[in-house]
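Below you will find one chain, with nothing else, as structure tokens; this is the form predicted alone, and questions on how it binds or moves follow later.
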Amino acid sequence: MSIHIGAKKGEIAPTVLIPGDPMRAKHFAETLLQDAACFNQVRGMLGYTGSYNGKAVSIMGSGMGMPTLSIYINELVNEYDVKTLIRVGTCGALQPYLKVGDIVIPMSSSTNSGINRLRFNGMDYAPTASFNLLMKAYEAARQRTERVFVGGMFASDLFYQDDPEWWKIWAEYGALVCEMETSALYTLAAKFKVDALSILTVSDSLVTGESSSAEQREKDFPIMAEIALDIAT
């Protein structure tokens, strides 16, 4: 066991899908995996291992935000030898053509987080996805005839911001969506020499105000997980 994960060695697969919401992890595991068994309940951060197309895959929540996700990534890689990390989460659209339910695969992630400034002594680092995973995920989404978009995104440490128009500068410079985790995921994957990708579903739009419910976010966006499982197996 590690500090924050109660699994024994061998109970977590080399490939882990990482939704932010632990209840989404539970839902995906119960509906998409065969013989899913829970390996973690510490702090309510549910994790499961099962099989998909005959290959072992794990799904575990990360919580919200880069500091929390970073704890789990460090432990999954260093304590459990995880080699592939695929975030399956929701995001907010920053471009008018993106609709609720669209799939977005970020190539890179800008951020307002200070984590990498601390790590790189005040210099900027550009976290990027693993290209082989990105290419496979894009093709898998196209084969499913999904609306899929690839580009840059913005990861924030703040969910509630004082300036209601904070997002417009990121939209102006081409960021497709915003969320709170991908920058840390891509950075740590580079540090630990493992593969990582985010496959995101648009759950709301900062441009149009369109939004989904909490229940929809938990249960109604399975395509991103199916795409992740396709490329994982």
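Being a predicted model, the structure only gives us computed values, none of them experimental. For every residue, the number given is its place in the sequence shown, counted from 1.
Just so it is clear, the following notes concern the form predicted in complex with a small molecule, a form of the same protein that is not shown.
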query: Site test, Ser110, Tyr125 and Leu185 vs the small molecule in the predicted complex, non-hydrogen atom cutoff 4.5 Å; finding: no
query: Contact residue in the predicted complex, from Val82, Leu133, Cys91, Val88 (heavy atom within 4.5 Å of the small molecule); finding: Cys91
query: Touches the small molecule in the predicted complex: Leu206 (any heavy atom, 4.5 Å); finding: yes
query: Heavy atom of Phe159 within 4.5 Å of the small molecule in the predicted complex; finding: yes
query: Partner contact for Met180 in the predicted complex: the small molecule, 4.5 angstroms, heavy atom; finding: yes
query: Residue stretch of 196-204, 168-176, 51-59, 28-36 approaching the small molecule in the predicted complex, non-hydrogen atom distance within 4.5 Å; finding: 196-204
